[in-house]
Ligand SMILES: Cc1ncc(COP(=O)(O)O)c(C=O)c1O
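Take a look at this single chain in structure tokens; it is the form predicted on its own.
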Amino acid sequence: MRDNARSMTRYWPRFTREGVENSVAPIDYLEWYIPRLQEERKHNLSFSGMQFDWDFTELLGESVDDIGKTFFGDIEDPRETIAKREDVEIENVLITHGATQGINIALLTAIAKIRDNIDNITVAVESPTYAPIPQTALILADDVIRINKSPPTNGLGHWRIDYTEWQAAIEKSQIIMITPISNPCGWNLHPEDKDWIIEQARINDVIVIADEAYNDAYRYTDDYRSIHSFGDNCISINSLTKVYSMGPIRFGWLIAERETIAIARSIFMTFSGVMSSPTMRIAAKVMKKLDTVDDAIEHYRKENLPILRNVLQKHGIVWNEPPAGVFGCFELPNNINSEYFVDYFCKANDLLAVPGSMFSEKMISWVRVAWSIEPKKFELAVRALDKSLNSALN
């Protein structure tokens, strides 16, 4: 088929330094994604997080005039709101410049805790994943072990882990990095897998770092639980970016036991000094209004998902719909190359989506779609997806 004739360029996350010795591996998927964003296709299902238009004038009111002033003492500490939401003390919270910096700080903190007693630091990282997670480990640790998460065998339900594979990796590692709400599938870790990972980490004295940037979209589900709550060897990372549509202000946080946070705070101050005043002032206000976005997420799911279900069913595509969140993924029939699908068939209909190969080379035929946009825009985008699938499959 012409769909599969094109050779794949390498865009997925790296788990080794092969080909980049004495250098830092690029975040390859951005070489694909940024040029497509610059094309400004009319329809966009590629968003990685919620698209919500905050009214800053209403949010900040007269305090907008103070946006550039230092924030010490005259705003409520956002850590207090985070601590209350997560049922921890304020000393268990560190504010960071977004979740990606949180990944850096968390891994540096874990390494600082063990490096005096370990000659060779090994980090186990799950796949599929967000590229900066394993590639931060490649920079800071000595070795990185890839451990896989697989789609359900019947096409429906949680993505699962192989206990034999994961146990072997955990036994060789001092740190494990996971993303409980997986990108791109949108499914939470199965509760049994989560409990098993935490127990194996405890038995083997391994530090668990969890990127929980999408966790808040699952806050009201039955199996919601943040990794930091499982023990003193656990560090959670979160932010206002993905679920709460506040990426531009770069506001994130770590939660862990207080001695770990004390180390993390020293590392943060070494690299960044203090948080910026505009970020802290805006975040302090936003943290009081998060339920506004929570409501919008549920509204978008209610309005948008039936439209997507109908189109995928029309084309005979198995749709493994996650029970919460703002995105999911599906596998194209006939092993169609998803990059080619997006660059040829979708582009012909002015549509942008995300190939699964951005997250793993094992997902070459998968496509991630987000329903995190206003329903009228989403309906038009899914019409374009329908046309793109028609062209690709017929």
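Don't overthink the numbering: it's just position in the shown sequence, from 1. What you see is a predicted model, and the numbers here were worked out from it, not measured in a lab.
Form predicted in complex with the ligand: not shown, discussed below.
At a distance threshold of 4.5 angstroms between non-hydrogen atoms, P134 is out of contact with the ligand in the model of the complex.
Contact annotation for A110: none of its heavy atoms lies within 4.5 Å of the ligand in the model of the complex. Although the partner is absent here, D216 sits far enough away that none of its heavy atoms falls within 4.5 Å of the ligand in the model of the complex.
Among heavy atoms of N188, none comes within 4.5 Å of the ligand in the model of the complex. None of 293-301, 99-107, 264-272, 313-321 except one has non-hydrogen atoms within 4.5 angstroms of the ligand in the model of the complex; the exception is 99-107. Checked against the ligand in the model of the complex, the residues H228, H158, R79, R250 give one hit for a heavy atom within 4.5 Å, which is R250. Taking T279, S127, Q174, T241 one by one, only a single residue has any non-hydrogen atom within 4.5 Å of the ligand in the model of the complex, and it is T241. In the model of the complex, the ligand lies beyond 4.5 angstroms of every heavy atom of every residue of 307-333.
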